[in-house]
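Subsequent text provides structure tokens for two forms of one protein chain, presented individually as structure 1 and structure 2.
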Structure 1
Amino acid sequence: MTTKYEAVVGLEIHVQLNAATKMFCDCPNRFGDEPNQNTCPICLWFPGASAQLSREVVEKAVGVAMTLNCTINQRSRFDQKVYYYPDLPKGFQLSQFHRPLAGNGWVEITGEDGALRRLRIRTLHLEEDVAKLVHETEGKTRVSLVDFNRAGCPLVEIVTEPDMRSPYEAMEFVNAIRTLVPGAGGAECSLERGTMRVDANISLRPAGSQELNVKVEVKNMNSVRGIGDAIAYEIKRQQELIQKGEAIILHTRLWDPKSGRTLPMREKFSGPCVPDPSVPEVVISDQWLAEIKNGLPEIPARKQLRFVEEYGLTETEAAGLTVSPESADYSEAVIRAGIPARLAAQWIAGRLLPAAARRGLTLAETKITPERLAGLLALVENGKINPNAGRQLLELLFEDGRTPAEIAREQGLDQAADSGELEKILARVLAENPRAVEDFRKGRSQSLGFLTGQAVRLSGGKADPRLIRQKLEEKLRSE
């Protein structure tokens, strides 16, 4: 009988905190600067340099841990994780191995069967980043350069329990982290820019077994899709080895997105971790803990629930508005400007956000402030322009900084609502379509839709279909 195997997957996620400085010095914690610009004796690890732990880094990390439902350890320490590599010339990395900042957290995802699954977080700890190796070719010579801008940047490492059973669950966990952590104001979490890095530990065991077998670590995954593909490939690779009777060897592999394969990198190595004497114990008082908690932004799940309760939106509508802190704040500003919540939801999630994404812009980068969108939606709500004209006007607002009303007047998008013009259009439609008029009088109400469409067409698309339909019905029933 063929043995059925199940995958056991755990993740190690490094997230770069968005504190203003590096973890132990005042150098800028900034992405994209010229190499080796943001350095000092501390992050270059000169002898005698004294590390000074950033208070902001600790507060950001605690905020992230709270958002991920972790228990905060109010006393934690740094260790020296000892290993030798060109990106770490001092020979050790400051991390929290023995006494981490937090642990016992969890994140809920929706499984492939539609049911909620709670995936556990074993530990969350602070760790300094290492330098970046840049491999280039000069002539025929292969050279490796070191950029120390990244050295000492503040990280939290999130280590999960091996609770995931499929690539899908791992992808959903990463997506949850990418939503929750930025929502707490702690980090950007961009896989593409490298401010979030994910390693996966994958093993197989007979279905129903509780044993943990030899795992393989996979690195170099820079997209959520890549994480799923790498795990799926590794599951298949290990299955094939087991079927051949070959042993799974503990080692680290790299994901190659071009070939769609994992490739061997090195043996799994774990150097010693010894307590570091240079950084004092991190002590978080009850008062400080309360201050951090009170200063946290509203997390997306709670914000979504509040949008449902406070504004009467459906869960789907609320989810569309709370996909990011930026979109949630923007939406509330539009609603508070007097726009009905459901109308705001339809236009922000259904039209504005996709239009901004097509242009590669965030909401803050567009010219469409909440006040300007509220101005557009007020024109639609009050019947000054119809929805079709509103969509045209929205596109114009990306390029034109004037008020929506000014642009609508200049572009001729105002409703054809003055009585004289509208009466002419209605009279013409009724005169030119006697058969449809007769059908309506015989009880065929669908002909009213045809007549309405003809009137909107004659208005050049500017007339409000609701107003046209109302006036046509009044005329037909009065005659």
Structure 2
Amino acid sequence: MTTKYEAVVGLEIHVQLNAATKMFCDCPNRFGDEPNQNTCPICLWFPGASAQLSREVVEKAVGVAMTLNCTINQRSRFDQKVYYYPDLPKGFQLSQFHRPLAGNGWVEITGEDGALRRLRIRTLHLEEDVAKLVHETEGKTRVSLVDFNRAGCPLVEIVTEPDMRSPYEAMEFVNAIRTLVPGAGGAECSLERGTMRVDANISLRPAGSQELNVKVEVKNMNSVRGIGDAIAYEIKRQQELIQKGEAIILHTRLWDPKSGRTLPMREKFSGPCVPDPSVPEVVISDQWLAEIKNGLPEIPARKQLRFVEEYGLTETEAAGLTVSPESADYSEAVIRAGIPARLAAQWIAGRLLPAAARRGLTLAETKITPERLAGLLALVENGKINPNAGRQLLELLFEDGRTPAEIAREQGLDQAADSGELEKILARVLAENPRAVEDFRKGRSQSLGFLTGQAVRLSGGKADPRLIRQKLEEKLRSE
């Protein structure tokens, strides 16, 4: 008899806060600048420099924590996470380990069985980011360069309870964070752009047991799908080890999206984690807490109401568009481009969002900008293509960067809408070529090619030969 195992998955999610400055100095918290441009004696930790915690960073982090239903600890502290690595300018990272900013939060996801599942957040704390290492070759010499622009940038780390039981649940948790946290206005949460990084802790146990076994940490997933795949791979790897009777060893692995495997990673030397004596206790008064709460952006419910009033949508339609601030902003951009709100709502909530979700992408990560969707919907609205063709075109827009009209033309989707004209051409071809029709019925299938050619010629070359051939064949066989 074989034991059935279940996966136990917990996540550690680093989210970059979009505060104006770094966490402990006035350098801009900005990406894409020349290397080491956004640095100062503090974030380079020159001798004598000391930290000044940014108020805005604390406010943004509290906003995120509130959005994730966390309890705010009105007194929290920074600790020094000591390790030696060139990405760390002072030999320790300022983080909150012993007394975090917030905890006991949760988010809800829809489980695979369709039921609501509440996944718990253990802690949410502030942490400074580290520098970026770039490995290059100068001539024949391998060199490692350090860009400190990112060093000291503000992060929150969200640590979940080991509540997830499948790659699906982990992916849904990440999707929920990606929806809710940007809604609080504090962060972007893009895996692709690295403003959100997800590490997964995975262990197995006999189904039904409550024990927590030795876990393996997996890093380096840069898409939601990658998170799911990496966890699935790691579950399988551990199952195989257990079946072989081998022990699971506590360590960290890197996900390699190319090979679809996880590989063991060399550990950084890691030292103590002790209270930092230099950054004072973070004290959040009742008044400050209330101010932060009142300052949080338009909550989805309020936005939904506005969509009903402003765009004449039904509540259901409005709800579908305001599931996230991203989708709400997206919808408003499509509507502004002249697309009727109802049509936009049907397509965004009913087709675009599910199609993006299937691919594990957020709207911003797809090639489908509001302008391109508006282009597609204009074709539908003007009857250039029919809704079925529109659906096909939507799928194509995920892969092809050209304008919807160009793709529709090339794929012959545009004139499929004009079915009246096509039908006329087909009827005329069949009527004018009785011999070829007769030949086909006698089994000489090459006459279909002749008839197709005639139809394409009659359409002025606009018609898609494959479509015509298919339609002609349908007609001939059905008669």
Partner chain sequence: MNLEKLTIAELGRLYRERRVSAVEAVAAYFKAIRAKDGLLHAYLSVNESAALAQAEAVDRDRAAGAELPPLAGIPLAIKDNICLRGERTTCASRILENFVSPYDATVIERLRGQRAIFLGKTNLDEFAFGSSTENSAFGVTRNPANPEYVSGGSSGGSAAAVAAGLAAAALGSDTGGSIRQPASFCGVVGLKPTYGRVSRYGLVAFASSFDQIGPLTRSVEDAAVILGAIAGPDPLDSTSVEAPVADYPAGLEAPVSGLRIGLPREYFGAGLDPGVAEGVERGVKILEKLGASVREVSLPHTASAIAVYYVLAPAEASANLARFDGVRYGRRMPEGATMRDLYELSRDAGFGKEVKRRIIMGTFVLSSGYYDAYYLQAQKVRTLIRQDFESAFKEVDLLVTPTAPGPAFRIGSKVTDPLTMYLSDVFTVSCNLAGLPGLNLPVGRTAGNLPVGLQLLGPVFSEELVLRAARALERELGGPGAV
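Counting starts at 1 and follows the sequence of structure 1. Fair warning: this is a prediction, and the values are worked out from it, not measured in the lab. If you superpose the two forms and keep the largest set of C-alpha atoms that fall within 1.5 Å, you have the rigid core.
**Student:** Kindly point out the structure, among the two, that is the form predicted alone.
**Tutor:** It is the first structure (the form predicted alone) rather than the second.
**Student:** After the core is overlaid between structure 1 and structure 2, has the C-alpha of C70 moved by 2 angstroms or more?
**Tutor:** After core superposition, the C-alpha of C70 moves less than 2 Å between structure 1 and structure 2.
**Student:** Is G105 displaced by at least 2 Å at its C-alpha between structure 1 and structure 2 when the rigid core is overlaid?
**Tutor:** G105 C-alpha, core-superposed: shift of less than 2 Å.
**Student:** With a threshold of 2 Å on the C-alpha, tell me if Y168 counts as moved between structure 1 and structure 2 once the core is superposed.
**Tutor:** The answer is no; the displacement is under 2 Å.
**Student:** How many angstrom apart are the two C-alpha positions of A333 between structure 1 and structure 2, if you fit on the rigid core?
**Tutor:** With the cores aligned, its C-alpha sits 10.3 Å away.
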